[in-house]
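Starting off, we have a lone chain in the form predicted alone, written out as structure tokens.
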């Protein structure tokens, strides 16, 4: 069995599922709140035009929600099929937030989802509005628990390793729930999803303006979405800075890859834009960039909140920097191999009933336990994530993120001036930005997941160890099955939405 090939196909399949799933999730999170805003305005004004546009956007939300659920369920099953070692070693911790999400948050949104769609003439206006808000809250609570689980993978806390069972077990659920990394990820992912939802509403409304249809409905939808999007965009920027600081403190190798920083510096410059040297490898003398624009000292400020602070680079973290008291992956791999060896000796001593030898091996394991994950890496370069992918996804996300609030400001200005239907250039740009929002959102997740490679659990469990030892052909077959299925679902969603947009809001 070629385990390396199995791992690569398992990673490809999970990436495929996650990226398709994330096409639907941001729109669900953002559009759910916008629908709640629209219905709240309808209830407060009594204007039937607001009810018409609420139903229109609610229909698009429903289509997206249903297909998003299908892709999400498949992704959870993949933990058991392709990542059984991962599920065994950390299922006690990782499974808890997912269970809460399914039992509490998903059932909350699913219960009120039916009332929201089918209860217009069956329940009172107040209860219907309450149901709409519960769907929005439930959708975002689902995201909270899923991101708590993902945040723990990025920054494992509140657990202990059980050497008898060779698995990590939860010790403090509140440390997991209140992890600063998890909370940062939740705030950043949801607020950026609000931006995606706002761009969707603005973009579709702009299409109506370009076609000269449903002008009043389009302008009202644009006004609410642009305000919501502008506020969310500003929050994304603030939270993004805090998230970058968190990465610098807890995942310094990811930060170094984000900036293409090979050699640490004090002060360290912030890369505003550049082209990574594709021939560059850690430890060699080649140039980091083929072309680059930097802002002196700003990376130190971002990473350490001090202009002159030292920021470690990839070489420092891979090979060590004694002058800066940085222990590199090279030293941690040596320590980790001792941990792996002592753990094996402990199990062997237990099996033959040698209590003294077991105690001695366990003590040796405890000394090197923090480096256990590194013991499965072959060399320091294995601890370095794909630099180019991490760098470009980060900078693409940032560049697009700075453009979105400018678009929302322009839309609001021309709405205020009353001439937005006479600005075809702005409406075409608004429709284009609908797709750019999805690109920025996907780039953020590529950064989050590729940037922490090679770890399934940061510093504790490499991806290669987490995979199920099955034949690569089995994973390859299901990869193409899912690729076909997800593509068909995406085409179906686009077709249904396009048809509904063509119809427009019903009278």
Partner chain sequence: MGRRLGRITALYRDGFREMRLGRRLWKVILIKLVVIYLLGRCFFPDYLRVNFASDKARADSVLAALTRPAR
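Positions refer to the first chain, counted from 1. From a predicted model like this one, the values you see are computed outputs, not experimental measurements.
Omitted here: the form predicted together with the partner chain. The next part is about that form.
- Exactly one of the stretches 44-52, 469-477, 440-448, 30-38 approaches the partner chain in the model of the complex with heavy atoms within 4.5 Å, and it is 469-477.
- Only one of 416, 425, 174, 77 lies close to the partner chain in the model of the complex, with a heavy atom inside 4.5 Å, and it is 77.
- Checking 148, 195, 383, 89 for any heavy atom within 4.5 Å of the partner chain in the model of the complex turns up a single hit: 89.
- Annotation: in the model of the complex, residues 157, 299 and 452 none come within 4.5 Å of the partner chain through any heavy atom.
- Although the partner is absent from this view, residue 344 contacts the partner chain in the model of the complex, with a non-hydrogen atom inside 4.5 angstroms.
- In the model of the complex, residue 335 stays away from the partner chain, with no heavy atom inside 4.5 Å.
- In the model of the complex, residue 377 approaches the partner chain with a heavy atom inside 4.5 Å.
- When the partner chain is considered in the model of the complex, residue 132 lies well away from it, no heavy atom lying within 4.5 Å.
- Shown without its partner, the chain has no residue in segment 196-222 with a non-hydrogen atom within 4.5 angstroms of the partner chain in the model of the complex.
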